[in-house]
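Taking the form predicted alone, here's one chain by itself in C-alpha cells.
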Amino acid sequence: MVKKPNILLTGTPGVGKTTLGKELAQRTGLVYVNVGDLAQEGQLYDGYDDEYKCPILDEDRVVDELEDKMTEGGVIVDYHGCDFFPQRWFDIVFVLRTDNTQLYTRLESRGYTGKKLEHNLQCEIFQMIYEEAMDAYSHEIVHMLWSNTPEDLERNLEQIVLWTEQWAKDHN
C-alpha cells in the first residue's frame, strides 16, 4: 500500500484555504475535507454563538469523525482552527495569510459584518492562527504561505505538489 501524507490548510476565514485545498486534491489525488462542511453534514455542533452568529463546533466529535480517515493518510484538512487536531495526524501544516485590505473585501463579500468581521481581521493582523499552529505542532512542519493573488495560488499549488511528490518518494 502506498503511503500518502496528511496536510493541514489553516488560516483566517477568507484567505483561500478552500480554493487551494480543492485544487490541490485534484492535482495530487489526495482526499479533500472541509471541516466546516463535515460539521454541517454531521451536525457536529455544540450550541450556537449569538455574538458571532454561527454554530459552535464540537471539536471532539470532529476528531472522532476524522480519526479513521486520518490514520489511512492522504487527506487534506481545511479549517480555520488547528490546535484541537491531534499532532500525529499531520505531516505538514500550511498557514495561509492574506493582506488585510484584500481580506476585508473577501469577508465583506461573504456577509461578515460588525464584531465577526473585526475579529477575523484582528486574527490576521496578529497572526493568531500562525501562532496557534506554531504552539500546536512541531515548528519544522509549520509553513506560512501568502495568498493574495492568483499568482500566489499557483505558486503555492506548485510548491505543495512538489512537496507531496517528494514526501511520497521518501516514505514509500
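For every residue, the number given is its place in the sequence shown, counted from 1. As the structure is a computational prediction, the values presented were derived from the model and not from experiment.
One more form of this protein exists, namely the form predicted together with 2'-deoxyadenosine-5'-diphosphate (DAT); it is left out here, but the text below deals with it.
Colleague: Just one of 118 to 126, 51 to 59, 133 to 141, 103 to 111 has residues with a heavy atom within 4.5 Å of 2'-deoxyadenosine-5'-diphosphate (DAT) in the model of the complex, so point it out.
Modeller: Among the listed stretches, the partner-contacting one is 103 to 111.
Colleague: Is there a non-hydrogen atom of residue 159 within 4.5 angstroms of a non-hydrogen atom of 2'-deoxyadenosine-5'-diphosphate (DAT) in the model of the complex?
Modeller: Contact check for residue 159: no, nothing within 4.5 Å of 2'-deoxyadenosine-5'-diphosphate (DAT) in the model of the complex.
Colleague: Would you check, heavy atoms only and a 4.5 Å threshold, whether residue 19 touches 2'-deoxyadenosine-5'-diphosphate (DAT) in the model of the complex?
Modeller: Contact with 2'-deoxyadenosine-5'-diphosphate (DAT), yes.
Colleague: Residue-level contact is defined here as any heavy atom of the residue lying within 4.5 Å of 2'-deoxyadenosine-5'-diphosphate (DAT) in the model of the complex; does residue 153 satisfy this criterion?
Modeller: Close contact exists here: in the model of the complex, residue 153 approaches 2'-deoxyadenosine-5'-diphosphate (DAT) to within 4.5 Å, heavy atoms only.
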